[in-house]
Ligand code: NAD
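Have a look below at one chain only, the form predicted alone, in structure tokens format.
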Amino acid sequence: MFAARYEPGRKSLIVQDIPTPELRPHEVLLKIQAAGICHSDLHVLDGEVPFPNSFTMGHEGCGQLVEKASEAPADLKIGGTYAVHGPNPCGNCVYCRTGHDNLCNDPGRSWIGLGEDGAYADYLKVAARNVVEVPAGVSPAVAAVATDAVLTPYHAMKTLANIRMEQTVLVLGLGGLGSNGVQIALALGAYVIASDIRDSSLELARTLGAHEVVHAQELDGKVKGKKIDVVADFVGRESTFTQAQMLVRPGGIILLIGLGASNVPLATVAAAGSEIRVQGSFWGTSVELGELLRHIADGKIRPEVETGNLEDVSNWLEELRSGKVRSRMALVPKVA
């Protein structure tokens, strides 16, 4: 079968013909219908997040269930469409048992498409517990993107920040995750201010319903002094994190979601004196993935998704690198 694979030390994927995976008793096999591309892939290929082993990349996946092993639950349907929960949790550790399966600490676990074989392939095997049924009306392309680009801001904003009606939320960075973050904050009832350096991204935020749209270079002058309850930093660089600390209200929350830099500076005295909460956020839980897929089916969240051919994944990753992907990209096989 077709697979686009990571090899340690290489800056680009290798396309190979590899055997279709054989299932262990607790696994299912998906015929891939869509796989999302993500800047995390570029961090891996650039050596910023190195892995010692070879694997098929693609951590945002959706496919048709074509085979299930002996211990897979009976309610999983052959022919059904399922999204993949990329954190690939074990289901048995204390985090998994208490509803925090995105933080699974099983030492033998690795993430789908990031250490474990992923969705840039014709077929993907995955633990049966780590697939979530896709509701009718949600396309495989949208479902694939939802597994990270929607799940990550959903977990951060709804669960960790507990954004509520009448709060003011500032979204920094309007790429694939940030544009979905705008929609999620709106769905939660917040007043949303959206900021980016790109005019096209600002226009997208405007069409998505952001109450205010401000160019990043004008942000301090136009927003400083307003009561910003939550700043969602989808960039994660020194410049945005410093802005976030200047603009969040005393007692407010900074959601550190973007991974643009390995370290960002914290003004400790100011943060302590204002009791600012800096909240890290990682992906999302399998329960949350089911919730947000239902919200998408109900039209409460409408992810912006572009599509391309899965076989051209290397070219699309270069398009992503050069900033030519407007929102979020899902790749589909030529014969899905």
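For clarity, every value in this text was computed on a predicted model and none was experimentally measured. For every residue, the number given is its place in the sequence shown, counted from 1.
The form predicted together with the named molecule is left out here; the points below concern that form.
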{"item": "Partner proximity in the model of the complex: S314 to the named molecule, non-hydrogen atom cutoff 4.5 Å", "value": "no"}
{"item": "Non-hydrogen atom contact D117 with the named molecule in the model of the complex at 4.5 angstroms", "value": "no"}
{"item": "Contact of G258 with the named molecule in the model of the complex (heavy atom, 4.5 Å)", "value": "yes"}
{"item": "Close approach of V28 to the named molecule in the model of the complex, 4.5 Å, heavy atom", "value": "no"}
{"item": "Of G173, P140, P89, G252, the one that lies within 4.5 Å of the named molecule in the model of the complex (heavy atoms)", "value": "G173"}
{"item": "Partner-contacting position among N130, Q183, T81, T152 - heavy atom within 4.5 Å of the named molecule in the model of the complex", "value": "T152"}
{"item": "In the model of the complex, segment of 62-70, 269-277, 287-295, 32-40 with a heavy atom within 4.5 Å of the named molecule", "value": "32-40"}
{"item": "Stretch 280-315 - residues with a heavy atom within 4.5 Å of the named molecule in the model of the complex", "value": "S281, F282, W283"}
